[in-house]
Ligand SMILES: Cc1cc2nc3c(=O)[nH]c(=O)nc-3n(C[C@H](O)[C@H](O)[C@H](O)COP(=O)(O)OP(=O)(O)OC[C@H]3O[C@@H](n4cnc5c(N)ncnc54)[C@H](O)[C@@H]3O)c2cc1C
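Form predicted alone, single chain, as structure tokens, below.
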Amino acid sequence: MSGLRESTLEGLNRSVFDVLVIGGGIVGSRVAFDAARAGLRVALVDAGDFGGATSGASARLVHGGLRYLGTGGFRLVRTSLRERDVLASRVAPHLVRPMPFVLSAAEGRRSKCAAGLLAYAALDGFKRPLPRFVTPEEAVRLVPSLRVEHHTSHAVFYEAATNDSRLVLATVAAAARSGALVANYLRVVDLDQGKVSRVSLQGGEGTFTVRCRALVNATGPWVDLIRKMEDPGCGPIVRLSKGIHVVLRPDEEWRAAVAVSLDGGRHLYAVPCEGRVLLGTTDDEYFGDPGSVSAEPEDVSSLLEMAKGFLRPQMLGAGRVISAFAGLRVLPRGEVAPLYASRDHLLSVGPLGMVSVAGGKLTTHRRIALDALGHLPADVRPRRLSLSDASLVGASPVRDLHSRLDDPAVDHLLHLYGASATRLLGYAGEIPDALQRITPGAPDLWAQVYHAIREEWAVTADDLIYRRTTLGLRGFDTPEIRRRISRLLEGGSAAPPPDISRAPRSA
């Protein structure tokens, strides 16, 4: 157990907190950050890793939601566009960056496409660059794998891309720096609510009791499970929709993402990310255990089949598929199909005062967190609540990053850590292999592993491979790399194995 985790667990037992936030996804971590900044004594816990469920299984987009215009969601789109711009300009400019999108419109839909883009631009205040139609040649230059038909029109508009897991971690780090006590891999097993509530948490190190004056339940797909701990007779307020993404290996660099509308109201997109392409998504009601959701072979086959309408066949062959993953959207209960269900968040206050919040969009997580804080009990709620645009850890400008690393490695560190990249370079003076690449074909360095273990609450190999580096997304979850990282987590040798450079890519 690391010193950081040991001191955190001791602190959980000693203190009485104003607020205990259960669930360390993007919303829960933001609630903890804003509550700590407001002067409250805050603890944040998660049953798994921070961002390890819904918040780490997104399309890695921060966007206004162009398709929501078709269902009348103008307010949500306007709010999302504002949030996108604030995240990209002030809160996390190192993690939220502009991304051009190619929108393909089939024959007969050009005028509808133009009207939608005009409304989208108007809701965004006609900020430049404005949406525009492009030639098929320019569309293919931006998206080399795009199928171009003579009857199809193409337009370009702008959204933003992010690394969802790193955005959550940066928010957790900001909460910790603001005074919150944070710990992952602690599961709530019992609630005893009163003026000072007692919450039993169970982890690998044993059982802990946290005392707090207020509770925020931000557990996403598990929100109703935690609500039943407070009120066993309560009915469910959410339903779940499963979305999968397939990770593809392109043969040329994509300079833009692509979005298409299909018959029946379905929308597909393909987004370049870390040298790979994320193809998504499905939107099917899910009734199983949230912890068991996965991308089944039939899900992958169905998504690839749908993508044949806008991507070239060579991009969709079995040899291009690196991996697939699934996530769950939290939606309001109702009869309407998941595809058309509201993307607004849900909020419920239980009979003993626990605030439960779920759903919504990653893009609007700041506003969702603010709404949750506004529903805390009056004797705990901060007197002044406002939407803060305080920068996250690493958001400060970087004037110069001197190191012996090559440009791609420097760009990689800046892309994931921003100004905090200088801390990773500091490991070189302590650990000889810190600035060595973990494996050829990926820019990730051993310094990222050491930093994740010491300062980013990494507990398992999955935490490192899939959420603190880009190894998993790129297809480098190999047995040798996993063994090496596991040894470091257990306190083993710091020198990489001699054959690490020959680690093959996973299929």
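One-based numbering along the sequence shown. In this text, all values refer to a predicted model and were calculated from it rather than measured experimentally.
Although not depicted, the form predicted in complex with this ligand is the subject of the following passage.
- In the predicted complex, S420 stays away from this ligand, with no heavy atom inside 4.5 Å.
- Interface residue remark: G359 is counted as part of the site for this ligand in the predicted complex, having a heavy atom within 4.5 Å.
- When this ligand is considered in the predicted complex, L186 lines it closely, a heavy atom lying within 4.5 Å.
- In the predicted complex, T54 approaches this ligand with a heavy atom inside 4.5 Å.
- Out of the listed residues V77, L248, L328, C273, L328 is the one that sits within 4.5 Å of this ligand in the predicted complex by at least one heavy atom.
- In summary, among the residues A458, I481, V42, V45, the only one with a non-hydrogen atom within 4.5 Å of this ligand in the predicted complex is V45.
- Stretch-level contact check against this ligand in the predicted complex with heavy atoms at 4.5 Å: of 293-301, 239-247, 390-398, 311-319, the positive one is 239-247.
- Against this ligand in the predicted complex, the set T8, L181 and H451 makes no contact: no member has a heavy atom within 4.5 Å.
- Residues are counted as partner-facing when one of their heavy atoms sits within 4.5 Å of this ligand in the predicted complex; in 72-108 not one qualifies.
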